[in-house]
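Just the one chain here, laid out as structure tokens, in the form predicted alone.
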Amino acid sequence: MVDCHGHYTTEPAAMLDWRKRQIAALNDPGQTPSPDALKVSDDEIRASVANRQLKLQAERGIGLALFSPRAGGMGHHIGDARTSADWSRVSNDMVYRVAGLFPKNFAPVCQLPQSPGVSPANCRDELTRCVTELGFVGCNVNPDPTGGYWRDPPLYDRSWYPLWERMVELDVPGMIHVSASANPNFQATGAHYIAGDTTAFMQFITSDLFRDFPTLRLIIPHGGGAVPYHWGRYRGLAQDMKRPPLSDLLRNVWFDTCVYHQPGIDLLTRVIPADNILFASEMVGAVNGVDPETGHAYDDTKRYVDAAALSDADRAKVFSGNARRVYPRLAGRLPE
């Protein structure tokens, strides 16, 4: 089983302290720490995941998790391009070390050094480093690096094309995932995340992005935000705007199962074809509590998929088969 959506949310204290120092130095650049200044031992890394991710993987029967830096911690709206570049390098190097210590449990996915008003082309070098030198299998793409103010161009704007070209060249998919919200109108995980997912899908409907990049693969997390629930609305809007049918988008777009109740998973699996659903839990992420109605953790999404009205063949696709297709660089990390 492959969990396509995991974040390093249990970072060692030294890593968080490095980030605090970096942010504090925004008004005094001479105090900015270098990426090499972070010192974390292998034992500290092992301890950071032992009692959370590794424990829960074993308890819930999850095999390999695609593991990326904390989404809310990407903080692309903080500082400038140099700030984001250094923080991305630190974050990606730490994820690389986790995956190196536990290769059967984690496959690394990278954070991109996005920054408001800076061309996404600026992300190509870090993406290339992570994929070609460190063996990363994918990346997270923030559709709103302004942190909830949406001032940068939409995903189909030509400014994004250099990044899409590099992703196609490297044959890696991207998960469309916003970071923290700086806008007080949008709480991060309950509003900004879901709005980002939904907004990205509408941008795909209204553009020719996948005509220009027919092999680009993008994953919309959190069950696609509001998309499956409003599938009829989006079908109708596409029809009214003389856009191609939504089935055309499903050649390039996938949804994950980070939906934290059974009716939500049931809806997802009824509306979206099984070929376009990837198992995910975002375990140790957005929602950590236990559902008093079921007695199980909200983010124990395997239970929901097990109970969904899927054939055994379709369930196998959701649990691992689709991930193998969407993330071809997983080959060699998974048993046949």
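Here the structure is a predicted model, which means the values were calculated and not measured. When you see a residue number, it is the position in the sequence shown, counting from 1.
Form predicted together with another copy of the chain: not shown, discussed below.
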Within 4.5 Å, heavy atoms only: does P228 come near another copy of the chain in the model of the complex?
yes
How about G223 - does it come within 4.5 Å of another copy of the chain in the model of the complex, if we only consider non-hydrogen atoms?
yes
Counting only non-hydrogen atoms and a 4.5 angstroms cut-off, does G190 reach another copy of the chain in the model of the complex?
yes
Looking in the model of the complex, any heavy atom of G30 within 4.5 Å of another copy of the chain?
no
Are all three of G264, P292 and Y298 close to another copy of the chain in the model of the complex, meaning a heavy atom of each within 4.5 Å?
yes
Of A195, A85, L249, L163, which residue is found within 4.5 angstroms of another copy of the chain in the model of the complex when only non-hydrogen atoms are counted?
A195
Considering another copy of the chain in the model of the complex, which of R97, R235, K104, R129 comes within 4.5 Å of it through any heavy atom?
R235
Of 132-140, 215-223, 85-93, 167-175, which is the one stretch near another copy of the chain in the model of the complex, taking non-hydrogen atoms within 4.5 angstroms as near?
215-223
For a quick check, can you give me the residues of 246-260 that have a heavy atom within 4.5 Å of another copy of the chain in the model of the complex?
C258, V259, Y260
